[in-house]
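Here we start with a single chain on its own, the form predicted alone, put down as C-alpha cells.
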Amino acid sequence: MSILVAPKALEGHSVREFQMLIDGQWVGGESQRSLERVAPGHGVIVSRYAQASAGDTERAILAARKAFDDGPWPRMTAAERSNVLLKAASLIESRLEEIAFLDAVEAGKPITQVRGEINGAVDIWRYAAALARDLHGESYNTLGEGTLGVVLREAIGVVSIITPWNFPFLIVAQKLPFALAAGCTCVVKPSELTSGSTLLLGEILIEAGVPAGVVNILVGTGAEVGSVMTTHPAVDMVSFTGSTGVGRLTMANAAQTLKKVSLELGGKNPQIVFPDANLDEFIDAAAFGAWFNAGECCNAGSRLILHKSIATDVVARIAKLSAGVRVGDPLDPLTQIGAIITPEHLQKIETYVSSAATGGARVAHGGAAVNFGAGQFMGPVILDGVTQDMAVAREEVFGPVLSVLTFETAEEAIRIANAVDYGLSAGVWSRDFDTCLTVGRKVRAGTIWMNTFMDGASELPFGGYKQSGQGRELGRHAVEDYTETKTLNMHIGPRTGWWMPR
C-alpha cells in the first residue's frame, strides 16, 4: 500500500465566481445559467462559472471574426505581438501561486506538480514570443528574368481552441500563444471541470495588452458550445486536445466547412526494456511515467513491455517503490498522486482493473480505491501477466494503472508496441544505443524517449501517429500551423501570351 495523506479542509474556503470573456468584456451568459465545480480532492464546491449557450458562442466567434478582419492584432508588427506575449508570460509568472491553487483544487492535481506546469507554461509563452519574430515566407528569383515568386505566410484567421481537464493551464499554453504569435484571433473553451485558470489567463491577457475580441473564453459543454465552435462557418481552424472519440467528432464537425484541424488525442504508450538497461534509472522512470498526474495523462507510460529475463525483478522493484508514493491531499507539497477527476472516472478505472484481474492478470500492487470520506482517490495499481487481448492493454485507462507485458526478441517487442490504435509516445531502454535507435525508428509514435521518459522542451514538437491525432504542437514550426501560405507570382516587363503576336 502507498502512503496516504488525508486532505485537510480548505482554509478560508469560499466559492470563486467567474464570468465569460467576450469581445474584451466580462459578461454573464444569455441564459443566466451557471456551472459549479466540486473539488475532486475535497468534495466541496470551489468554483462557479457563467455557462455559455450556443448564442453566447456565436457572439464570441463573431467578435473574434471582427477582431481578425478589422482589428489591429493581425496588422501589428511581429515585434509588437511578441512584446505582448512576453508581458503575458511575466504576468503569468507573477500570479503563479494563484493559478496553481486553482488547478490543484479543480483538477485534484498535486500542488508541487502544478507549480512546475505553470513554470513550463511561462517558458512556452516566451518561446512563442520569439517565434512570432521569426515567422517568414520565401522568395524565388530563379524563375527567369520575367518572374519573381514570393511566398507569404498569413495568419489563418479565427481559431477555436478546445482544451481538456487534465492539464488546464499547460495545454492552453501549447496552443494559444502560437496562434496569437501568428496573428490569429481565438475562441477558447476549457473543460467545464477545470475552467478557472484559463479564465484567469483572460485577465492576464487583457492586462498584457491583447485587444478586445482577440481572445474570447467560454465555459460550457461540448454539446452546446463545442459543437458551435467546430461547425461555425466564421471559424477557420480548430485546435483540440482530448479523447480520441471526441477527436473523431471534432474532425467530422469541422469537415462540414473544411476547416483546418489539429488534434492531440489519446495514447497507450509503451516502455520497452531490454536486459542491459540501467534498471535503477528505469524503475524511477517507470513509476514517474505511470503515476504522474494520477495517470490522467495522454503521455502516461501505461504499458511496460519487459524482456522476460528481467520481468519478475522489475515488477517487484516498481511495486516496492510504489509503496512509498504519497497519495492524497492535492494541496500537500509532498503529495505525488492527487485526486481522480470525477466519481464516474474513478469507477471506470476500477472496472478496467477488475476486468483484467478476472481475465487472468495478477494484481501485483494496489487495486482498490482510497476512501478519505471526501473526494475520490486511487493509488498505484500494477497488473502483471497482462495479455494483448485485454482491454487494459489496448485502451486508454487514464488512471494510475500500469500493465506489464513481456517479450523475448526485439521484433516481438516492436510488434507489441505497435499493436494498438494509438501512437503518441514510447520509451526504449538499453545501454546499447544501436538497440535504442533501431527499435525507436520502428515504433510508430510521435515521440520516442531513449533511456528516459516524459522529458520535454518547448523546442521539441509534440503529437502522435494513428489515432493519437494529427498535427504537432510546440517546436519551431508551431506558429506556422496557424498560418496559410499565399503565392505572389509577379511578372516583370512585357508579357507574351496566347493571343498576342510573337
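Position 1 is the first residue in the sequence shown; the rest follow in order. Just so it is clear, the model here is predicted, and its values are computed rather than measured.
Just so it is clear, the following notes concern the form predicted in complex with nicotinamide-adenine-dinucleotide (NAD), a form of the same protein that is not shown.
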message: Only one of 106-114, 126-134, 244-252, 377-385 has heavy atoms within 4.5 Å of nicotinamide-adenine-dinucleotide (NAD) in the predicted bound form; I'd like to know which.
response: 244-252
query: nicotinamide-adenine-dinucleotide (NAD) isn't shown here, but in the predicted bound form which of 398, 101, 407, 282 has a heavy atom within 4.5 Å of it?
result: 398
task: Could you spot which one of 202, 157, 366, 266 gets a heavy atom to within 4.5 Å of nicotinamide-adenine-dinucleotide (NAD) in the predicted bound form?
output: 266
task: Run the contact test on 163, 191 and 424 with a 4.5 Å heavy atom cut-off to nicotinamide-adenine-dinucleotide (NAD) in the predicted bound form and return yes or no.
output: yes
message: Residue-level question: is residue 226 within 4.5 Å of nicotinamide-adenine-dinucleotide (NAD) in the predicted bound form, judged on heavy atoms?
response: yes
message: Using a 4.5 angstroms cut-off on non-hydrogen atoms, would residue 314 count as touching nicotinamide-adenine-dinucleotide (NAD) in the predicted bound form?
response: no
message: Taking nicotinamide-adenine-dinucleotide (NAD) as it sits in the predicted bound form, is residue 209 in contact with it (heavy atom to heavy atom, 4.5 Å or less)?
response: no
query: Taking heavy atoms and a 4.5 Å cut-off, does residue 171 contact nicotinamide-adenine-dinucleotide (NAD) in the predicted bound form?
result: yes
